[in-house]
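Same chain, two versions here, written out as structure tokens and called structure 1 and structure 2.
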Structure 1
Amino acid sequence: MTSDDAGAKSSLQRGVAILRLLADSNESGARLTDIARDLGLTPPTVHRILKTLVEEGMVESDKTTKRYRLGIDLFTMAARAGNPNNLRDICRPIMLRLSATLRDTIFLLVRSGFDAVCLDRSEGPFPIRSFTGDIGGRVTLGVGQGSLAILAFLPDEEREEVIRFNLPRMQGVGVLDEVYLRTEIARVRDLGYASRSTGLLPGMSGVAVPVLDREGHAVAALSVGTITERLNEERLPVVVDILKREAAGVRRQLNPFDPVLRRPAAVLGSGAA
């Protein structure tokens, strides 16, 4: 469990390790001693690093309970991450439009290592459950429609690497075996979208299309999560069509050739008030 990965040396690495630990325990925060134990560090070391992190605003300490948790400054900072190529900004209005017209919840997923991460979501009126969960949530790449759509459109070698790494992680989440997975992937590549009515989450279903870069490789996925009845034979092709059109639009906007794209909107001062 406690990764205990050999040799966290520099104070920076230790600081990050502490932040990681805090991220995993932020219900009510973590205590100094526990952090020290979990990371195999001495209390004074942890204390000093925490002090620095608190001074920097990355960590907050509740002085009464002596518990540490991630600070709001970190929250603010990190909220600005996960916007590669302005992907999130570009997709925001599209997602709003989609959730409004389709009346379902829209997800924006990107790849992060062997996971897919939910970059953004736009709620529809139907309460749904999803693998990726909230914004910032992660899911094994290949599990779930959006995640699968990305995997299917990765460059060949990368896809193979991910498959090899992820197959063991997919136990019990609907991926029966390698053959099944590869069949699914082939189908997604063929159709240009991922959809499974046999949702792993009861009553839930979804459909996703990849957002491609110039080389035709997935950089993200736009995904609709809804209740199964709402993805019937009549509705599905329409939804797919709309999604594909929007994904194509995003692809166009992602093209960094156009120099005008550098400043997309510039609404209000972006801080530094």
Structure 2
Amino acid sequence: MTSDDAGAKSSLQRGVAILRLLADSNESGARLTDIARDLGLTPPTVHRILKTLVEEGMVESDKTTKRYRLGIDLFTMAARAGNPNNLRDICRPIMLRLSATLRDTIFLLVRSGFDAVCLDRSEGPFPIRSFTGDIGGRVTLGVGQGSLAILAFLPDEEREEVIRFNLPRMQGVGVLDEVYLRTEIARVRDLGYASRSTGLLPGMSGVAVPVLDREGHAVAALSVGTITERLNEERLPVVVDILKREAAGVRRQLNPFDPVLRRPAAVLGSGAA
């Protein structure tokens, strides 16, 4: 690698770091000096990279407040990416139907390396909190009902790799130890759904079912997020039955030759984010 190549790579990495920081900022955006401080970069370096990102439409600059935020072109690109196996297009009408029928918020999660990412979300009438938050949010595989449903139905070798890597990342997020995690995985595989609450989001409950390929391995999860009183013992079986039926419908529409189904970790990313 030449010095020019190394410099380009370094600038690209810094640009991505700036985009990630702006993504984590609230709607008001962030000032140049704050970005430089948080990333440990010099203000001139941040200014140069931001100038390029603004020119390319990836970032917007508010000349009045002197704050930067993600640009609309970035969202346009994001909407056209991250749609493995055309899952979003397949699941969107199903999610709208589910949220209208159940009157709860519906999530579509997919695996990305050692995490689960929210690929889509259909809002219900009740305000809720979730581990992934909005579209594009991610959570460690095994934390929360949706990501646990995916983890439980991964191929055996991939599941073991994820467990080994993620156990240290799960400390303090409701997973007590390896025995607890493996017990929960066995429970999900036996029931065909995940519903146990970690208690980390008070007043919130959820249930998720995996979307399986033709070999019985998870490619995604459909998840319901709601307030606890709406997911009582009477209603839970009804919701699970509806979710399973819709997940089976998605399965019938999947292309068995799609590379995402054959090698999900390689296509969606095998490293931790």
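Superpose the two forms; the largest set of C-alphas matching within 1.5 Å is the rigid core. Here the structure is a predicted model, which means the values were calculated and not measured. Please note that residue numbering is based on structure 1, beginning with 1 at the start of its sequence.
Between the two isolated copies of the chain, the second is the form predicted alone.
Core-aligned CA deviation for residue 249 between the two structures: less than 2 Å. Once the two forms are overlaid on the core, residue 15 shows a Cα shift of 6.5 Å between the two structures.
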